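First, one chain by itself in structure tokens, the form predicted on its own.
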Amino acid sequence: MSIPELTLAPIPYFWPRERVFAFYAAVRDWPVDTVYLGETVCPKRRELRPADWAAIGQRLEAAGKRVVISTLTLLEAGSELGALRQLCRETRFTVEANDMAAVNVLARLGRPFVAGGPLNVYNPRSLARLRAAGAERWLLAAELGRDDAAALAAAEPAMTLEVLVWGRLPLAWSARCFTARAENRSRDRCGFVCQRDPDGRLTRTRDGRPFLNINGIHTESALTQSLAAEYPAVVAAGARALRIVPQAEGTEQVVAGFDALRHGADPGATTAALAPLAPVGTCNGYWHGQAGAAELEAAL
């Protein structure tokens, strides 16, 4: 069984500029192979400009990391499409396409790319079309599990399958900003209130159970998907890259835990060690073909 890459997803939350720089300065010493950079949620979040992301990428690259620039997931204006075209044309890093506009631009430029999870690849035909357009790797859609991953990886063995092994599940993007709405603000006059929530804002059901996590226009699961216990099954399904989503606290320990798994650590013990790092709790239901919020025994 080959050792998979560890990858670090883009920061999904709106962190202050200084915090972003400090985070990636630390990442240079972490055992991750690939780092995804950029703003993927809201075009109003402009604490960092393209030149800043390029500078961070160059420093990570000098530290031996592969760098990928991720695109916005929901484009709503002509200016955003123009910025996308400029990014795809000018960056020297590989690009992760998170919507079909990016796929179209990258295919026209003849640039290989990463097919992001929001593209929602559910069948071999879709995956083959992305490969023909230039995709060299792809992220398994959040709702798919072990059996789907294995079938799709077998259908396109030349492409690198990446699986989200730690992080809240990305569930939806909307033209409306739920964080602004919760503060009785319009999206146009949001005041960047999402910066008050470095891990998003937890919502609960009326009986108090964790339900969803709102992050501006982005809706996530409240629970953190942890596939540490399923590590052998994830690799056996064909995953050659394991993605970890940054969170406000504990990301370094999560990376260390999955790095230990790559080098023979016990999945059960690692799962127990990582569990306290999930802000609300963990889940793995989608991986087992069940409700995403379920927590099931690891498959042997």
Partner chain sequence: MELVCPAGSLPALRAAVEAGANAVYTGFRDATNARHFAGLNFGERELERGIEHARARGCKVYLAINTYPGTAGWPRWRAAVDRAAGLGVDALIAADLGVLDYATERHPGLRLHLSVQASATNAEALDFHHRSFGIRRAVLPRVLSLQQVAQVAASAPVPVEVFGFGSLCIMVEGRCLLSSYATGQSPNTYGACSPAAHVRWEQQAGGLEARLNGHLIDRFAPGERAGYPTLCKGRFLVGGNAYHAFEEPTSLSSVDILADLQRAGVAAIKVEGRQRSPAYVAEATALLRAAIDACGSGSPAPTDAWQRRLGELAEGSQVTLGAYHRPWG
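Residue numbers count along the first chain shown, from 1. Here the structure is a predicted model, which means the values were calculated and not measured.
Separately, the form predicted in complex with the partner chain exists; it is not shown, and the next lines address it.
- Only one of the listed residues (Met159, Leu87, Leu164, Val105) places a non-hydrogen atom within 4.5 angstroms of the partner chain in the predicted bound form, and that residue is Val105.
- By the 4.5 Å heavy atom rule, the three marked residues Tyr24, Thr34 and Pro112 all fail to count as contacting the partner chain in the predicted bound form.
- Contact annotation for Pro279: none of its heavy atoms lies within 4.5 Å of the partner chain in the predicted bound form.
- Put simply, Ala151 is close to the partner chain in the predicted bound form: some heavy atom of it is within 4.5 Å.
- At least one heavy atom of Met100 is located within 4.5 Å of the partner chain in the predicted bound form.
- Taking the partner from elsewhere, Pro124 is found to have a heavy atom lying within 4.5 Å of the partner chain in the predicted bound form.
- Contact annotation for 206 to 220: residues with any non-hydrogen atom within 4.5 angstroms of the partner chain in the predicted bound form are Arg206, Asp207, Gly208, Arg209, Phe211, Leu212, Ile214, Thr219, listed in sequence order.
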